[in-house]
Ligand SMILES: C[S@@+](CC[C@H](N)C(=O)[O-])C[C@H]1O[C@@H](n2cnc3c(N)ncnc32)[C@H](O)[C@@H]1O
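As a starting point, one isolated chain is supplied in structure tokens, in the form predicted alone.
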Amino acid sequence: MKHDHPFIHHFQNSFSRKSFVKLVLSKKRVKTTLIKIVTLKPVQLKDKIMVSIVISNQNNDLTKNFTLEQSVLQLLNLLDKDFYKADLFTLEKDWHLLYYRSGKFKMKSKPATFHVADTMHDQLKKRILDSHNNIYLEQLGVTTKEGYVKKRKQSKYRQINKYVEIVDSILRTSQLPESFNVIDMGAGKGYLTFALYDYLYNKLRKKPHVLGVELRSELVEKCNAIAKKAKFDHLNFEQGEIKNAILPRIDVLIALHACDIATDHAIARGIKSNAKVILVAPCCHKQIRKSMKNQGPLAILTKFGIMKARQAEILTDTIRALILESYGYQTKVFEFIETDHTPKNILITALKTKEIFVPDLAILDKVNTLKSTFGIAFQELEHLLDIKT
């Protein structure tokens, strides 16, 4: 196949006109090869649009990004050696190429499968963190040594990037100084802790001091070793519990998927430290679920177990958000990550906007109304903050 092949010409033109949607290579030349299918799509990287090539085999997906010129060379090579068939989808037309064993080919066009609502800009997958030459992603098992995102870690990679995107949008409005402390309570394996440090330090050129607090000593040891290898000098992990770990000044407090009242302990520590930003993704809501005693017409809401659990989640997180507001935080509750990535997908974000240390009684009255309506004596955060009701 040559550079001046009409199929290559259509591919180049669609990319230049920003009408390129995707290109799929299939029908293997050699059936015994591990490679199954190859997909080319546009991808936005910083200020440049490139071509993402995903090579799917029996074990995983290998993803790498190329310029248009580089992707043409890759495409030529793949069609010469690996595939008989190529399907190009653009906003103007679909182009279908089929090679025969003799070396001859036929090409035909069809009306476009994708239209304006499916434009390239809607499909571009902007990844804030690059997977290539990324020591911590490779050490954490997200990428291969060559920098390709592993098939089983695609959702984790998307989650990491989405998390950084959300945190960035919040921090940009928080007026934090150039150097500040970030405390990640319950850091776990450190995926998101490393990603946040990387973004703040290397992308935004800030000078954060990031501390990951984790109960499991083996994870603390592993994460500190990776941080050293990545030369993340102001990132470290310490063993401890959310409720009583010894912490430096807290500017930004994060607690993702801390189980049940551990989320309340994290919020309470943030409020008591007058943290500028608090972000929590609650997990489990046992305390409220066990104490709910709905009366009258509302009793039907807790008749079925699954509905009682969901009601407890809504009630618990609403009270948490209201208490944060009572202490001068501008609070939002929204979906963190799509539900097919994680079942725990609610994120509570709180930005300190008022310098008050005594809770607003008018807002606490709303909390009391909720508790009375659903037959709840207290929510754990009230006890931790010594709120008298």
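Nothing here was measured: the structure is a model prediction, and the numbers come from that model. Just count from 1 along the sequence shown to find any residue number.
What follows is about the form predicted in complex with this ligand, which we do not show.
Could you work out which of 256, 79, 211, 195 is the residue within 4.5 angstroms of this ligand in the predicted complex, going by heavy atoms? Contact with this ligand in the predicted complex is made by 256 alone.
Quick check on this chain: which one of 110, 216, 231, 293 has a heavy atom within 4.5 Å of this ligand in the predicted complex? By the 4.5 Å heavy-atom cutoff, the listed residue in contact is 216.
Name the stretch, out of 134-142, 183-191, 201-209, 311-319, where some heavy atom lies within 4.5 Å of this ligand in the predicted complex. Selected stretch: 183-191.
Any of the heavy atoms of residue 262 lying within 4.5 Å of this ligand in the predicted complex? The answer is yes: residue 262 has a heavy atom within 4.5 Å of this ligand.
So in the predicted complex, is this ligand close enough to residue 221 to count as touching (4.5 Å, heavy atoms)? Close contact is absent here: in the predicted complex, residue 221 is far from this ligand, nothing within 4.5 Å, heavy atoms only.
Please determine whether residue 147 contacts this ligand in the predicted complex, using a 4.5 Å cut-off between heavy atoms. The answer is no: residue 147 has no heavy atom within 4.5 Å of this ligand.
Residue-level contact is defined here as any heavy atom of the residue lying within 4.5 Å of this ligand in the predicted complex; does residue 88 satisfy this criterion? Taking the distances in the predicted complex, the answer for residue 88 is no, it never comes within 4.5 Å of this ligand.
Residue by residue through 232-259, which ones have a non-hydrogen atom no more than 4.5 angstroms from this ligand in the predicted complex? Result: 240, 241, 242, 256, 257.
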